[in-house]
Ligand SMILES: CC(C)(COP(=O)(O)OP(=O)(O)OC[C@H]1O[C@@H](n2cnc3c(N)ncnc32)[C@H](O)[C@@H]1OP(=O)(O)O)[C@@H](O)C(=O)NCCC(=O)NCCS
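Just the one chain here, laid out as structure tokens, in the form predicted on its own.
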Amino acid sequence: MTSMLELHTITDGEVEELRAALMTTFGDDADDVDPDGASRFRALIPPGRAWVVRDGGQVVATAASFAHELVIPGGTMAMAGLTMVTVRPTHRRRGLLRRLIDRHLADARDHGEAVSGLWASEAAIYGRFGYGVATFVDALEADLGGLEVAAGRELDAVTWLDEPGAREALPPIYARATADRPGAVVRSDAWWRERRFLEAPFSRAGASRRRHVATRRGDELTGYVAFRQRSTWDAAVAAGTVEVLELVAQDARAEATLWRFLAGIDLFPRVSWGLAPVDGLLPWLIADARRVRRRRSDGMWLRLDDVAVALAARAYADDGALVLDVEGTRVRLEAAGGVAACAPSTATADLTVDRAGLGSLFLGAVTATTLARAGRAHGSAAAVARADRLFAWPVDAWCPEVF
């Protein structure tokens, strides 16, 4: 019998079917993992921005888009956040993933989103669709028992926030602290409610409820940490772990204060954080940096779909011009005083790079020199150095959450 593989935009009545297929493919069960997930889906995914492929009556592949606003050097821009991408194992290698991504990109163009971003469940998949690693994260584990953190530094005060207080205080702190952090996502009220303040058994995995502590300098809140506690005892000796969900600080003083607080929680000498920024201060705030173990991995991936629009949207730390050949399409980028113009060009290319490589360059997390050494970019030494200067940014890229 011939399969009829139909791709279509879901109706509201198909949300549960999409979620069931999604969870099954990832090895879970929707009702057990998140019984309120359908209402959360409706709050976060705009109508018309989720798709399924059906084989007869069965959903066999899924995808959806978040309508994000991405922080880029010098500002923000609209980004289509590709998410919930699955293909049932019974329907692999039938081109369904490509069809879904093509639909996602066409939808992004309709919404004026020149870039698409994602977190990759499998790193080998998305490069061939033009996505490149644009941010990195450190999975951090530290044993801070007995260590003094931020010795001799002037620090802020700390204040414990109850749930209503956290819901009021955290969003403006986050907005201030990430306003110049390339890779951060601007959070809507719905995003805070349904993602950052989510409290459900599956999100706890046996740990405590969320705790929130903020730093205060005079009348201003300068940072916060959201965390859970996991109690452990080793031969009657406390060996608990503080599991950081997010640590956000508007400056180094606030960050040092938060680490000092975390290191001083009685009965919990260990700290873990799966999505720490690569420029985090903790190893530099203690005398024994070996007590901090970091495993770096890829974070958010980006595809520049409309290259000229995306390149013109960001600011640049240096002045200069560069003709880029991106998979056969040439554009001339010219930056002056931090502002850029970018337009199609017929001039000889200074730098040749594929679309995935350009996605890695865009936020400054990867240099043109690195791509050139790896054979992923081609140009003269002078052109590569010029690209390094243009795409560099003084604040390291970081996306603080998986979407």
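Residues carry their position along the shown sequence, with the first being 1. Here the structure is a predicted model, which is why all the values come from computation and not from measurement.
Although not depicted, the form predicted in complex with the named molecule is the subject of the following passage.
**Student:** With the partner removed from view, which of 23-31, 36-44, 373-381, 341-349 is the stretch that lies within 4.5 Å of the named molecule in the model of the complex, judged by heavy atom distances?
**Tutor:** That would be stretch 23-31.
**Student:** Between Ala124, Ala236, Ala205, Ala106, only one gets a heavy atom within 4.5 angstroms of the named molecule in the model of the complex; which residue is that?
**Tutor:** Answer to the contact question: Ala124.
**Student:** Which listed residue (Arg94, Arg153, Arg167, His111) meets the criterion of a heavy atom within 4.5 Å of the named molecule in the model of the complex?
**Tutor:** Exactly one residue meets the criterion: Arg94.
**Student:** Taking the named molecule in the model of the complex, would Val87, Arg98 and Phe129 all count as contacting it (heavy atom within 4.5 Å)?
**Tutor:** Judged in the model of the complex, Val87, Arg98 and Phe129 all sit within 4.5 Å of the named molecule.
**Student:** Within 4.5 Å, heavy atoms only: does Leu161 come near the named molecule in the model of the complex?
**Tutor:** Although the named molecule is absent here, Leu161 would stay clear of it in the model of the complex, with no heavy atoms inside 4.5 Å.
**Student:** May I ask you to check whether Trp119 falls inside a 4.5 Å heavy atom distance of the named molecule in the model of the complex?
**Tutor:** It does: once the named molecule is placed as it appears in the model of the complex, Trp119 has a heavy atom within 4.5 Å of it.
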